[in-house]
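Starting off, we have a lone chain in the form predicted alone, written out as structure tokens.
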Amino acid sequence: MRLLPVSYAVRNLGRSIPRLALSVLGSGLVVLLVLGAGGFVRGMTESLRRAGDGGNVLIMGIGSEESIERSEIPASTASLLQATVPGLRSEGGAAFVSPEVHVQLPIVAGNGSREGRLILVRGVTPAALLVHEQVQIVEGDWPRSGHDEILVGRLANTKLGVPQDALAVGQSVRIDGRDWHISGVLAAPKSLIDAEIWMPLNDLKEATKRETDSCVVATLGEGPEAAELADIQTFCRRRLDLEITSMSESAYYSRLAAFFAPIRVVVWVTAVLIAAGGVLGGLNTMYAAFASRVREIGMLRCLGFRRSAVIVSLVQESCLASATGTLIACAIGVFFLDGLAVQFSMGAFGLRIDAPALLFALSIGLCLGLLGALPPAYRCLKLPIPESLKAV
């Protein structure tokens, strides 16, 4: 089969600059939307996955397996666990056992703010930095107990709806009518912890008028004498008086990811519906473009080019325009959307424009090029050659 040269398709693209601009813009917007949806889903999934460490075990109240925030366990649980279960990780005499309180509190931040926004506040001890290895203090110092000091995550401003400088070191936020000074900024890249506020455990208990902890996070040791998840589960079953249970931290956040699965489905469905509208708009554009070239297509067939050769040339035109818009959309996604902070009920996370998201967007762009050309091309080529040559 003799094909038309690719240069013919390239020249045809420049015959109508407005049509070319509409094709590139339409495909680019559709791909950018799909890329944003993919980045949202990838960012949410990755942030939930990175929040949990496979080597960590959560000890929480029975019945609170789906929400640590409603869990309450005795404050003595951490010391009892450390004394009862051998083989937990420790370094330099410091055990990797962190008692914590998790609670959503309204925070007022920024000048002129009157209404507080809910954000996860975590009461911790310095042992929290041992069990949460992804957390680093990138600016300032650890908050001192009894001095009304806190650590803020780098994405906490997104959750609170204030500028980044409103949560800089030295600034203050208001919690329940009380000022708390920001002593440092913590970072937990691509994790939900990046949008939390940390304060000393005893300070948070005093502020919330509670005596119990929410959970204990313990890291399993390594080697033949290391503790296992079953050892901690046995400890929980034996201490019926504590009313506690345990699970791996990764399993807990996997449950959270499953809980938010409907949100991801809604995002994809919305993207697909809008993309379908974009495809229909592209079809209209291609129908109009190809309809005005019926005589040209008839002449090509008179010159001996078969229908399949003409279809290939028309598909090349459509794919070139779609590929241009797709590459522009991917560039915008990489440079402007990647890492863009988005808030949701659990905190905030950054859009993740990585290789899988880009591959999916590129495949959508290719499909747009094919779907935009085949139906109009078929409609033009089904006419007999004499009728094509007489078309106006």
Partner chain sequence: MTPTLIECRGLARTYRRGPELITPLDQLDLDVDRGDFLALMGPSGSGKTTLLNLIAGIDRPTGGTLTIGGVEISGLSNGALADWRSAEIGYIFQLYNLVPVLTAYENVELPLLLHKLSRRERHERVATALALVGVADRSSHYPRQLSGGQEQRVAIARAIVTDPAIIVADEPTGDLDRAAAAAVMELLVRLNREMSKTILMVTHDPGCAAHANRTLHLEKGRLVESGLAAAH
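Predicted model, so just to flag it, every value in this text is computed and none were measured. Numbering follows the first chain given and starts at 1.
If you look for the form predicted in complex with its partner chain, you will not find it shown, but the lines that follow are about it.
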Which residue, K205, K190, R255, R295, is the contact with its partner chain in the predicted bound form, using a 4.5 Å heavy atom cutoff? R295
TL;DR on 295 to 303, 156 to 164, 237 to 245, 222 to 230: the one with heavy atoms within 4.5 Å of its partner chain in the predicted bound form is 295 to 303
Hey, in the predicted bound form, does R15 get a heavy atom within 4.5 angstroms of its partner chain? yes
Is K382 one of the residues lying within 4.5 Å of its partner chain in the predicted bound form, judged by heavy atom distances? no
Out of 244 to 262, which residues reach within 4.5 Å of its partner chain in the predicted bound form, heavy atoms considered? none
